[in-house]
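Below you will find one chain, with nothing else, as structure tokens; this is the form predicted alone, and questions on how it binds or moves follow later.
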């Protein structure tokens, strides 16, 4: 049985039409095709929720560091979140002012002094980082906050180990004392549970921890930054689990309302949901180069795949459909990229036996982390196309030898 990932027929047809137009205009596979239209739809879903206070949505630059997307987001009047010097320069080049940039991430003391400016928004991540950057923060009147590691934040590969991000509560209380002695008042409190948070109750536990911490620290932040973590629809784990199956967005909003009420005095809730907003904003288009039959499994070797274009296929399963309509019964099919690595398997599922070399396959929901993690392993980078307001254009040509 061919798996269904829940995309509407309208969505599938729209993407297919965009891909077909790009091919007519000379697109060479493998290529990414991105569009802001799915981002607009996902953003409207979040903006339609009632969080009980104004909500600010920050674009997670690391999720999709793509200049046309950054420009589109800036034109909408929304701010951007960055976690590296590379991203910081990308945001400035896209036209964001310092007041529209939020600096997160660890070990910022290594690079932030080279680029910072007055009234920059910065979330401190560690005691060393704070101590190193504190004189600069005072001179340039930064708007600052603290990132707290909640108990739910653990290393996904080693669940018994904590993540490396943020202050432990006791460290954060010391950091607050240090800031107050320096005459600085932090405005924001930041936490980030993880990616693909399974259900809203996990946020409830985090908010209870925040309330306990703020009471112990005698601190009343005016902004709370929940980071990202909402799972995008239409993606699954390799065992078939739907990441978004148990995440009820209305319950998420209710949980945030209750959590913010515990804290009291919060002016704004900040969100940085990269995957939820951006996963659906792109597709990867590859072409079948060869086909083999081994041990009852049909193997399609293509010009793009996991190693070059879709590292997330290591732990995520996405919709994968042929562009051309082909008949024949469904047979077990493995789809591979062109690199000389057995690791380079994009997908395994039933697919039509009529698919043959020369056909095109469309890998959906390629808008989050695919471009950020693409490689040049044994090959050059492929093309990128951008579809905005009925205009389709090539943004990047294929890299040559």
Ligand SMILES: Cc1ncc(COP(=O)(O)O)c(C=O)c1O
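What you see is a predicted model; the values in this text were computed from it and never measured. Positions refer to the first chain, counted from 1.
Just so it is clear, the following notes concern the form predicted in complex with this ligand, a form of the same protein that is not shown.
- The contact residue chosen from 51, 369, 364, 336 relative to this ligand in the predicted complex is 369, the criterion being a non-hydrogen atom within 4.5 angstroms.
- For the residues 190, 236, 108, 121, the 4.5 Å heavy atom test against this ligand in the predicted complex is passed only by 190.
- In the predicted complex, none of the heavy atoms of residue 360 sits within 4.5 Å of a heavy atom of this ligand.
- Among heavy atoms of residue 273, some come within 4.5 Å of this ligand in the predicted complex.
- The shortest heavy atom separation between residue 281 and this ligand in the predicted complex exceeds 4.5 Å.
- None of the heavy atoms of residue 318 is located within 4.5 Å of this ligand in the predicted complex.
- Heavy atoms within 4.5 Å of this ligand in the predicted complex belong, among the stretches 168 to 176, 318 to 326, 226 to 234, 250 to 258, to residues of 226 to 234.
- For the stretch 351 to 366, the set of residues having any non-hydrogen atom within 4.5 angstroms of this ligand in the predicted complex is empty.
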